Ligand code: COA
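First, one chain by itself: the form predicted on its own, in structure tokens.
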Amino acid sequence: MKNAVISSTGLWTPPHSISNEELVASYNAWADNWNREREADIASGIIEPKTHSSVEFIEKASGIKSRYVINKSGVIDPDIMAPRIPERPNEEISVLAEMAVNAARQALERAGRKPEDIDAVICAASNMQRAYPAMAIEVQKALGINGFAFDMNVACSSATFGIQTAADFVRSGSARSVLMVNPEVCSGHLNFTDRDSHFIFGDVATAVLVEEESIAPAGHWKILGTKLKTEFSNNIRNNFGFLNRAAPEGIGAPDKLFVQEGRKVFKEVVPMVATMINEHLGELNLQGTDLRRLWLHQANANMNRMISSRVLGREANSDESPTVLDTYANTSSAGSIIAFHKHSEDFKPGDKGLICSFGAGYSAGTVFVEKAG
């Protein structure tokens, strides 16, 4: 069986950023308008008024300070409270594919690869722009890649599931070089009028090039082991889809956007992921102390703090468990890849680390890597 490695990564960041201060100002203005329009019902006790959000609440709950988005003006407009991304004609590249291509080109350039060197493309993301044709095939065409391509969606764990899938293709001999992309327009599925979640997500695109070790460039990353886990839960959900988009309550109904039971998620996911990591460490004859760094899913700073402490036996410092959550917010499948992309250049040959994601499903994935000489 052939060995699979990570040859390079790529990152594309949207040009627009929204601070917590800007987001709170727009939400509070919207809430005031909502309350004003329903003043009589609120006074009679029929409905409860919308309460204000705050910068302090957001940062304490999540660790997020800002986020990048494809469209800023619509999100911070109290009369809109949603991104306004113009629909493109079929003859033009789609928004999601364009994002993926931008990240992919950086990954290819960093590895010294040309499109003709790539055998397959996997688009692994939570927020697919359409059902079909597959986004991956459009990315494949835009880059001029031969071979095959397909989409996969395992919510926030899509990237680690994509890495294992790509590695399995390489290990089996089905492909020698696989491009895995994670374009995420999370703002399109976020309810910006929900105080408990209006701050969570941002937009971004990442790419990972997985290849056979014999052709990998210097400085690649050996994949020591990958492991995936799923367990059904309704605590993180998005019901939007082609079978229910025409529901009487309308496309904008709350359950057609991102919804979650945050406290339940925290209580259930933290032990599940920590146990999974420790079990996988044991299978690889490793210990938490063997890890130079943890590149965890960027969903919540408090969750990452708890998980890393259960793996390392103590609270991790910012070098051992770096965060991009403060500036990127939760970017779903791309979060752990951003952390890896931005915080891995200082590794020396032999240093080991963990790329880990977890999210709706529940789903979780672990990818242990070692810097090659």
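As the structure is a computational prediction, the values presented were derived from the model and not from experiment. Throughout, we count residues from 1 along the sequence that is shown.
The protein also exists as the form predicted in complex with this ligand; that form is not presented, and the subsequent description refers to it.
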Using a 4.5 Å cut on heavy atoms, which of K229, R292, H198, H280 is close to this ligand in the predicted bound form?
H198
Note which of A175, I137, V265, A82 lies within 4.5 Å of this ligand in the predicted bound form, where distance is taken over heavy atoms; exactly one does.
V265
Among the candidate stretches 336-344, 312-320, 47-55, 65-73, which one is within 4.5 Å of this ligand in the predicted bound form when only heavy atoms are counted?
47-55
Contact test, all of A61, F258 and A299, partner this ligand in the predicted bound form, heavy atom 4.5 Å:
yes
So in the predicted bound form, does I236 come within 4.5 Å of this ligand, heavy atom to heavy atom?
yes
When the contact criterion is heavy atoms within 4.5 Å, does A104 count as touching this ligand in the predicted bound form?
no
Should S308 be classed as touching this ligand in the predicted bound form when contacts are defined as heavy atoms within 4.5 Å?
no
Contact between V208 and this ligand in the predicted bound form at 4.5 Å, heavy atoms?
no
Output the sequence-ordered list of residues from 315-333 with at least one heavy atom within 4.5 Å of this ligand in the predicted bound form.
N330
